[in-house]
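Coming up is one lone chain in C-alpha cells, specifically the form predicted alone.
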C-alpha cells in the first residue's frame, strides 16, 4: 500500500461508517497488510462474494481444514457437505415450524416487556432482547424446563470466542461451555430417538431423505447454531430497533399511529444496523474482485454493514427511511448460505417492536455509546429509560 492509499483499517472506536464510506469510494477491495484479509466494502462486490460459493469458500476453519474427521458447521462448509446438512435441516425447520411459534412468542414477549416496565433499573438486553430468542429457541429444541440463563451463558461464551474457534484455538471457557451444551443435548437426543415428540429437535432427529439421517454430531452442530447464531441475530435486531427509537423518537410515535409500518421498520433496522457487520470467506481459486487479484487461499471479509449503506444502491443510505421500498439489504446474507433462521428472526423482531409500541409511549437508551453499539455482536447489557403507555 502506497502512502497515497487510504488506510483500510477499521476502528470501531471511531465513526466506522465514515471509514466504510472511504473504503467504498477509494479502496473498495483492500487489506491492511500484505498477508492480511481482504476487506470488501461495496454492495455489488459483497454480493458477488456471498453468491459465488465456487470462487469464495465458506470452509475457513483451520481445524476443519486440518482434521478430516471434524464435523463441519453448516455455516462454514461447502457443497456437497453443506447441501446435505441444509437439505435435512430445512425439511424440519419449515415455515410451518416458524409460524407455529407465533402465539408463544407473543405470550413470552408480552410477559418480558411487562416485567421490563416494572423494573427499577430496566435493561433492554437482559430483560427482553436476550431472553426472548433464548427462550423461543430453547423451547423449539425441547428445553421446556431448562435454565435459560445457563443457555445464554453458554451462547455468550462460545459466540464471544468465535474468531479463535474458527481461526485458532478456542479458550478453555469456550471448550467447557461447548462440552456442557453437548452433554445436555446428547442426553435429550438419545431420549428422542426412543420417544419422538412434537418439537423441532425431535423432527430433526427423525427427518430422513435419500441422504440419510443427521448423526448425533450433526444434530449437536445444529443445536449450537440455533442457540448461538439464532440468539445473537434477534438480540442485535431488537437492540438496533431501540437504537432507532432513541435517535429518532418520531419513528416510535409513527408506529403507534400506523402499526402496519412495523415490517418495513424491521427491514430498515436490519439494513441500517446489521446484526452481523461482516462475514468471512476464503478464496477457492485466484479471483479478480474490485480491481484486485485475490490469490487462492486468502481470506476475504465481506463488510455487510458497509454494503448496506452503499449509495450506489440505496438513496440516502445513512438515513433511516421507515417505508424504504425496495430494500435489498444483505443483513441475512445471500446465496446458499442465506440465513436459514431469517424468518424466525424477522417474526421475533416484528413481535418485539409491536409489543414495545403497545406497552410504551417512549423508550430511550441511557448513557448512549455509539462505539459499543457498533461492536461485533450485541452488548451484554443496555440500560434504558421507559415511558409506560398511558391508559385511559
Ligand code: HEM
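Residue numbers count along the first chain shown, from 1. Everything quoted here is computed from the prediction, not taken from an experiment.
The form predicted together with this ligand is left out here; the points below concern that form.
- A heavy atom within 4.5 Å of this ligand in the model of the complex is found for one listed residue only; from 151, 252, 314, 93, this is 93.
- None of 37, 365, 362, 336 but one reaches within 4.5 angstroms of this ligand in the model of the complex through a heavy atom, and that residue is 336.
- Although the partner is absent from the chain shown here, 234, 281 and 341 each have a heavy atom within 4.5 Å of this ligand in the model of the complex.
- The stretch from 270-278, 239-247, 291-299, 185-193 that comes within 4.5 Å of this ligand in the model of the complex, counting heavy atoms only, is 270-278.
- Contact annotation for residue 352: none of its heavy atoms lies within 4.5 Å of this ligand in the model of the complex.
- For the chain shown alone, residue 84 is not a contact residue for this ligand in the model of the complex, no non-hydrogen atom being within 4.5 angstroms.
- The closest heavy atom approach of residue 304 to this ligand in the model of the complex falls within 4.5 Å.
- This ligand is not shown here, and in the model of the complex it never comes within 4.5 Å of any heavy atom of residue 142.
- Residues are counted as partner-facing when one of their heavy atoms sits within 4.5 Å of this ligand in the model of the complex; in 116-137 only 137 qualifies.
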